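For reference, the chain that follows is the form predicted on its own, supplied as structure tokens.
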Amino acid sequence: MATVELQGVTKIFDKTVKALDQISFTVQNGKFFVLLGPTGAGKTTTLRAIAGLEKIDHGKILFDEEDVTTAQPAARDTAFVFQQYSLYPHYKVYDNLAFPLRSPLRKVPEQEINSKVTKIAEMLKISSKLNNKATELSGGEMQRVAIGRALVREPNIYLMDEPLSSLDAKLRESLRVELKNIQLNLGATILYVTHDQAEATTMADQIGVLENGKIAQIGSPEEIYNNPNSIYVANRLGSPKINIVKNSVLSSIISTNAYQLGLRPEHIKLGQGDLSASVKTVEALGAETVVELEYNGIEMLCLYQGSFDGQRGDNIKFAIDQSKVLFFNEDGNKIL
């Protein structure tokens, strides 16, 4: 494993389109770093640049302080897990997992290959499938094999390009917990890209938020959630999403020169306080309920713990935890 550092990395397509614009961040050895952003933000291009599959136009890429900017992909020794499974359909699961270790360049003894394949198969709970062909597996099992094929190696860094995005929600939840546990057990260095905030917050040691090819903010999941430096970053984490309202809407209770305010749904307290709003929708989620309010002509989402008795059209009192309010200027950047 290695510490991987990007210094001012820029990638330009068709001479005009900046896919990456002065990207700088460090993935520390043994850490799980997540790049979070929407489609087109530059996530996959960043992975391909690190792997050597894309030649960068400016900047440097360092592995353990060694400049590998111009090194060939094979010399960088990275393991790439793609969104699609990319398995060899005529191979058994065992042979798919063993394939990276059987490269003539590696010369790994068969006994060692067997040991590594068996260990990873147990971690990924696919030991009973080792003699199955890839075509006989479910989608979740195929993705486990694809991840396992990377994990049998000991590369400088694992690069993972939304590997769980094609799976159903319950399986995604299960696999992200397993993947984080495996990363901790192996002490692996992982750079994982996703647009899914749940994946980012549950797995990452650090999150880098990408916006149009630029790093908008880097921090722990807690830092990004509680102290976003812009409305763009604030919108990347949180479900239900943060409420962004004009200062004028709440000027009677919050004194500030900020242009916009950010209110997390859990910081709006229903059934208490002096403010009054109308209930628009009620979405029961089991342990929690999402309630949409209409107040002063704007709509706000609230997260209520437990079952909510109200219904559409009801008037309800609410309060705002003013110590948690976020303040933004007209450009959407955070201010104190």
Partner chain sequence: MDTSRSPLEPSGFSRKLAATIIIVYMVVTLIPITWIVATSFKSVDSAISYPPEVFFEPSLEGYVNLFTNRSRQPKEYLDSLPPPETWYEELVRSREMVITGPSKFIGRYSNSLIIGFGATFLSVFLGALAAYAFSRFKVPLKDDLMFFILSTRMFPPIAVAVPIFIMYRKLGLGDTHLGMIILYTVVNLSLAVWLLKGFMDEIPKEYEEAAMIDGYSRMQAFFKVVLPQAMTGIAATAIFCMIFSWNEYAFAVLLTQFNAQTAPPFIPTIIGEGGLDWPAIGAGTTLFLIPVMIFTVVLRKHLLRGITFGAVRK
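Numbering follows the first chain given and starts at 1. The shown structure was predicted, so the numbers you read here are calculated from the model rather than taken from an experiment. Definition used throughout: the rigid core is the maximal C-alpha set that superposes within 1.5 Å between two forms.
Same protein, other form: the form predicted in complex with the partner chain, not shown, and the subject of what follows.
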| property | result |
| --- | --- |
| Among the candidates Tyr225, Tyr232, Tyr259, Tyr91, the residue which, in the model of the complex, approaches the partner chain to within 4.5 Å (heavy atoms) | Tyr91 |
| Listed residue (Ser128, Ser239, Gln84, Ser251) with a non-hydrogen atom within 4.5 angstroms of the partner chain in the model of the complex | Gln84 |
| Contact label in the model of the complex: Val193 to the partner chain, heavy atom within 4.5 Å | no |
| Distance check, Arg153 to the partner chain in the model of the complex, heavy atom within 4.5 Å | yes |
| Close approach of Pro73 to the partner chain in the model of the complex, 4.5 Å, heavy atom | yes |
| 4.5 angstroms heavy atom contact with the partner chain in the model of the complex for Arg106 | yes |
| Interface stretch in the model of the complex with the partner chain - options 199 to 207, 142 to 150, 120 to 128, 172 to 180, non-hydrogen atom within 4.5 Å | 142 to 150 |
| In the model of the complex: members of 45 to 79 within 4.5 Å of the partner chain, any heavy atom | Arg48, Ala51, Leu53, Pro73, Ala74, Thr78, Ala79 |
| Residue shift check between the shown form and the other one, rigid core fit, Tyr225 Cα at least 2 Å | no |
| Lys214 C-alpha moves between the shown form and the other one by 2 Å or more, core aligned | no |
| Rigid core fit then Arg76 CA moved by 2 Å or more between the shown form and the other one | no |
